[in-house]
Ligand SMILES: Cc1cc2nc3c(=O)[nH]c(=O)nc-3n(C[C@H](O)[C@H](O)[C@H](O)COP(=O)(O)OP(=O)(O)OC[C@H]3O[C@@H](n4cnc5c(N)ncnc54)[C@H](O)[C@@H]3O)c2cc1C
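Heads up, the chain below is alone and in the form predicted on its own; it's given as structure tokens.
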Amino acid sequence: MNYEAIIVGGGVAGASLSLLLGQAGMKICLLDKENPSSIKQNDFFKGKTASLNLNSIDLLKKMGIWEKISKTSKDFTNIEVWDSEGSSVVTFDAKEISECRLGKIAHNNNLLKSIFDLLGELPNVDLLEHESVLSLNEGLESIEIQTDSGLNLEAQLIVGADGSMSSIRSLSSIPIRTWSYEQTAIVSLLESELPINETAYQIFTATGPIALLPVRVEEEDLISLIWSADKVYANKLFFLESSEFLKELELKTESKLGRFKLREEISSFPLHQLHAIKYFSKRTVLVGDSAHTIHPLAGQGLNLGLADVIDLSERILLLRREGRDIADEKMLKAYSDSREKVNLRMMAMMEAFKRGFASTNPWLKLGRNIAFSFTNETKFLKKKFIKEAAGIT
């Protein structure tokens, strides 16, 4: 079977790229080793949440799913950040950049369901699930893949959107740099004694940052917890009784929202950073977690992946309109150079935050407090941080 592009990986990034290219009339194959299109209704509000910035929201509007996502997601208009070691609170407000919101908190499963509903309406997009790629064979004008079920598929371009353990990246021999953060993310859904309203909270502690994000679950306002804790401490937290876990969380968050109740079981996953040395090889290109993973403390992982999708889709469609090869090496290099610069800058910022707040050095603690105070009192610096968080460049 022949396609213009084969996209491997049916997560939010891969499915979004398939939809954008499919809506433009391209013959697309979306392939995944699982079955991401089969999300049950009672799972729409379970699992990971995504902090969508204004740039990502614009993309969802372009794809035609924003109206549906907007109804089931929660605005955040403010971000409050503080250091438990003594700094005052820094507040970022959407009004300071003349916006009505800084972003929306949505559920990944709900995003995927909305995207796959539209993909199912496109006759020029084939969805192949429960298929894994075994081999790539690159030619001068096309690239062929073979799947584990024996399918042979051919296209001008292969897109790897298959996550941090990307088989496409490995088969294309694209090198990476990676290391562990030595932390574990503990996630759950909470109910709080005091309303969270439209504020996202970020608390830096000696054992790792805690994010409390406002979410909507079936017309009820709740809290998405993402607690990035040092491994030994995280292991202790994970095996605490629920009541003891919540007491520890209330202590670490200084009872900002009063007492908590768990609304789902806690789960966890290890945290590591990964970055591909380049994002392409001949007729293969990477987007999202296949190219880069980042610490979740600023909630920018999915936003960076969707920004990859926007950039790459625009370049592909321009070449197609001009009747040129959509795997043109100059285009793929320009995409790689452009996105590497942005993604590396954000990764470096997150690494600096992680290392800076993990330090027990008293001079660094003093520096953090001065930096918090300076940021809070300096309008142009605050605006810069707010625009960065909102995805405004």
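Because the structure is a prediction, the values reported are computed rather than measured. Numbers follow the displayed sequence, beginning with 1.
FYI, the form predicted together with the named molecule isn't displayed, but the following is about it.
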> At the 4.5 Å heavy atom threshold, is Trp179 in contact with the named molecule in the predicted bound form?
Replying inline: no
> Even though the named molecule is not shown here, does Leu271 get within 4.5 Å of it in the predicted bound form, heavy atoms only?
Replying inline: yes
> Can Asn108 be called a contact residue for the named molecule in the predicted bound form at 4.5 Å between heavy atoms?
Replying inline: yes
> Hey, in the predicted bound form, does Ala13 get a heavy atom within 4.5 angstroms of the named molecule?
Replying inline: yes
> Which of 199-207, 230-238, 315-323, 179-187 has heavy atoms within 4.5 Å of the named molecule in the predicted bound form?
Replying inline: 179-187
>> Going by heavy atom distances of 4.5 angstroms or less, which of Leu257, Ile97, Ile226, Leu122 would be at the interface with the named molecule in the predicted bound form?
In response: Ile226
>> Considering non-hydrogen atoms and a 4.5 Å limit, which listed residue (Thr91, Ser132, Ser170, Ser242) is close to the named molecule in the predicted bound form?
In response: Ser132
>> Within 4.5 Å of the named molecule in the predicted bound form, counting any non-hydrogen atom, which residues from 148-168 show up?
In response: Ala161, Asp162, Gly163, Ser167
